[in-house]
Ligand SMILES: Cc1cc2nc3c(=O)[nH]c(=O)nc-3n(C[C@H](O)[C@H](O)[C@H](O)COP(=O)(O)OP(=O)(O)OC[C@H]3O[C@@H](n4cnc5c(N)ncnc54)[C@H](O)[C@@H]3O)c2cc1C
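In the form predicted on its own, a lone chain appears below as structure tokens.
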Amino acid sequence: MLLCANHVTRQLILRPSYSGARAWVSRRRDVRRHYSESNGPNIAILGGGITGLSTAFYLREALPSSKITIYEGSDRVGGWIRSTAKGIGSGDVIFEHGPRTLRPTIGLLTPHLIEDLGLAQDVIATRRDAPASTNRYIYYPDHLVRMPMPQAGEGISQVWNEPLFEGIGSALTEWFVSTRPSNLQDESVASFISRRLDRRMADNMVSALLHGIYAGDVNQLSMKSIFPLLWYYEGRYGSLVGSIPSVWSNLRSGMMLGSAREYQSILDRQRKPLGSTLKEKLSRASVYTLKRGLTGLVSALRERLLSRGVTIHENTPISALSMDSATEKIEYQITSAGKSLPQADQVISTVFSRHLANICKDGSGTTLLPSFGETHAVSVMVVNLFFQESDLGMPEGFGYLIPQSIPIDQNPERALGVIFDSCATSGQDSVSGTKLTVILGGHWWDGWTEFPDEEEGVSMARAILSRHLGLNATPTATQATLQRECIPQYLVGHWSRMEKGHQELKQHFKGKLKVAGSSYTGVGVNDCIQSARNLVVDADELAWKDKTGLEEFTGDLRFAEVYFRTRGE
């Protein structure tokens, strides 16, 4: 990561690492405000998920006089984030039906948002030396394999003895592998790993990792978009091993490369250090959550926005967007009865990009944003189970992931992984017992038109636990939630599609329609909050009126050197 949670006494210096990066790291030059203090813009935000709520939060700070309205198509805000408290005896068990933990070293901005919302006391942190941090597993080929931790010497013998790690020795000869052709603009993660290392690594360890993040197919996901730094290293140094001397030298001098999308988070952190309460909790944490689940973050954001004059319309899906050529304002309609709404100076879409393409059409019914129409998303079923027994003979740890290479007879339910919630979010529930979550579907369900119902989902999850863990106890409480098209997939060519999408937004909406969220620059909660902040960071400047939110895709990958120098040096 660019900056660890406890690096709060250092000064940040940014320098472009190669031509083209300077525009991204230069700070504001035109500070002229294009909206007066008393005459703010009318801004509509499509989507009330974590990106939409965060966008409204940062916009209210940047443009206090603006009129901000959020339009959410469902009956609740929060998107995929949803927590349910299940009454068990005299206490409660928290079931998460979407994201459940956050990483403090990836989302540098999120802790500040949590602190601003008064939630620091609600944070539950999992220490880096806790079993949930040190014990992470992959199921291969018919048992759990603990992943080696970075401590010196730990798990070295395991690497050579477990079939899961076959092919890892290819790293010793990666230096001699030819660099990719100069005209190769992107390739799948599997193709890159197979070309530079070993196909078995792609099928086993890497596919499991991508199941845990994207619920996606290693053979289709974009290397350039998902692992941009590795893609960049090969292009610059000719190999991954060839980059090691430079990377090591940089680390010794206090410098690392970072992508453009992360700079604002670091700069914000330097300007406003965390308070002592949250700083102490996160300084030794690997992951963290909230006492009542991540819905607590959504609820706090909603309450804060309403208290500051932001309007939130639920059950209000937007069916059409167009720009009035005379006024250059955006016109939009509610799905029901085609009811027209007030025009907006700016519209920010945080909904799934393919949905945005479907509502932005010309008079003939052709989408104005065809690049967004090509985006694919997967559906998953989240199955929560609680057992009253505290000791079910399971290993301690965060959980395990299932690679694509597992034979179908070992995974007929098409599960992606299992989370040991009682260990991963220890201290969240007020009753003792064992809490687990099984994730089903993802890319395995591509092309499906019908999905398991709740009863079938619970039955499938129990079958997985029985086969993999020998767990046959009857759960006290269960819940299965189908999340349709919840995780956008950055398939090969994602970078170029987003660059075309940027041009389409400029051509047809002249910067009046902007985008942010999981369809573009990251699918995690931290990514979405960062996306919101990056979009509105210069909202009080003249150039913001022409921004689309996809500027980082214009051209090739951009990185900059991030230096940390202790004050007084």
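This structure is a prediction, so every number in the text was calculated from the model and none was measured. Residue numbers run from 1 along the displayed sequence.
In what follows, reference is made to the form predicted together with this ligand, a form of this protein that is not presented.
Proximity to this ligand in the predicted complex holds for none of Ile43, Thr548 and Gly549, with the criterion being a heavy atom within 4.5 Å. Put simply, Val525 is close to this ligand in the predicted complex: some heavy atom of it is within 4.5 Å. By the criterion of a heavy atom within 4.5 Å, Ser518 is counted among the residues contacting this ligand in the predicted complex. For the chain shown alone, Gly98 is a contact residue for this ligand in the predicted complex, at least one non-hydrogen atom being within 4.5 angstroms.
Contact check for Asp203: no non-hydrogen atom falls within 4.5 Å of this ligand in the predicted complex. When this ligand is considered in the predicted complex, only one residue from Ser283, Thr84, Thr434, Thr316 comes within 4.5 Å through any heavy atom, namely Thr316. A heavy atom within 4.5 Å of this ligand in the predicted complex is found for one listed residue only; from Gly373, Gly167, Pro148, Gly73, this is Gly73.
Heavy atoms within 4.5 Å of this ligand in the predicted complex map, among the stretches 169 to 177, 421 to 429, 195 to 203, 316 to 324, onto 316 to 324 alone.
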